[in-house]
Structures are given as structure tokens and as C-alpha cells.
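We begin with a single chain expressed as C-alpha cells, specifically the form predicted alone.
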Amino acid sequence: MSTTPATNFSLPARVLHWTMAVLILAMLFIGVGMVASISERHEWLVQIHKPLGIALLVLVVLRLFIRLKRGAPPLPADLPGIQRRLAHLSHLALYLLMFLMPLIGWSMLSAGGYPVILYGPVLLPPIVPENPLLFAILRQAHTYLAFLLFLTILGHLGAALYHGLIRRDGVFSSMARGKP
């Protein structure tokens, strides 16, 4: 981790944040549409969902690397302790869920014997052995964690709006514009 705390989020961190925000919300809605449809759209949504999930896995690893290397701006000194702890816990939960969701999805597909097609003939190797019971467990885990991710994002959005509209303490603008 950086020895000097950052005063704002770096441009790469901000670009990754907003790109991933859009992609993750798209993934959540694609996932809901995918499981709620048995029409011809189902296969089309599946073909989008798989490579997008792998792309998000790569992006979260890159984002975590940047976060560990560059750090994050400090929270306002007058922020109550409980809010400070919740901020740290929610960011930890977001990173953990952003990392686990694609891995669980990839594992689930591997356990079900389904290929993970990135593009055209490019396939990812299975990361767990085929096992119908494991497939069922991972499918449930993927579903429940998707709901947890959505709730965590709502909390993150609520906190961002609180900082941007009510406290006006620079927390939101350090990610939106890179200025504290």
C-alpha cells in the first residue's frame, strides 16, 4: 500500500469505478432477465453474461491492485466512528462480492459441464470438476450473493448521495471528479 495517503482517487481508479458500476448493474439486470426468460432472449443474455462476468473479474483484480498501490483518500475527520466502520466494511464487502461473483459463476458452469465462452472459439477451462450437486449449491450461492451485491450497491449509493448532497464533505466528488 502507498505510504502517503491519496488526497483524491486517481484517474484510473475513477474510470474503473464508473465503468464497473455500469457493467455490474448491467450484469445484475441481465442475470434477472436471464433467469426470468425461456424465450430466445435467454440464450442471447447468457452469451452476454458469461464473458462480461470474466471481464469484471479481470477489472476487479486490476482495481484492487490500483487501490492497494495508490490507496484511497481519507474519510472526513468528523465522520462518526460507526459510519467510518460501515464505510470500510461496505467497501470490503463490495470488493469481496465483485471478486467472488464471477468465480462462483465460473465454478457453477464448470460443475454443470457448461462451457465458459469468452468470444467465438475461445473457451475458459473448467475450474471445478463436473458435479450436479455442486452445480446446484453454486447456483444458489450465485443467486443469493447477487441479491447481497445489489443490496450492498444500494447502501453504497445511499452513502454516496448522503456525502454528496447532505454532508457535502468531498467524499463523493473525490470519486466523481477526482477533487476532494
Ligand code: HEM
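Quick note: we count residues from 1 along the sequence shown, nothing fancier. Because the structure is a prediction, the values reported are computed rather than measured.
What comes next is about the form predicted in complex with the ligand, which does not appear here.
Among heavy atoms of Leu165, none comes within 4.5 Å of the ligand in the model of the complex. Using a 4.5 angstroms limit between non-hydrogen atoms, Thr143 touches the ligand in the model of the complex.
Although the partner is absent from this view, Ala111 stays clear of the ligand in the model of the complex, with no non-hydrogen atom inside 4.5 angstroms. None of the heavy atoms of Leu11 is located within 4.5 Å of the ligand in the model of the complex. Checking Ile137, Val128, Leu28, Leu151 against the ligand in the model of the complex, a heavy atom within 4.5 Å turns up for just one residue: Leu28. Annotation for 97 to 125: interface residues with the ligand in the model of the complex are Met98, Met101, Pro102, Gly105, Trp106, Met108, Leu109, Val116 [heavy atom within 4.5 Å].
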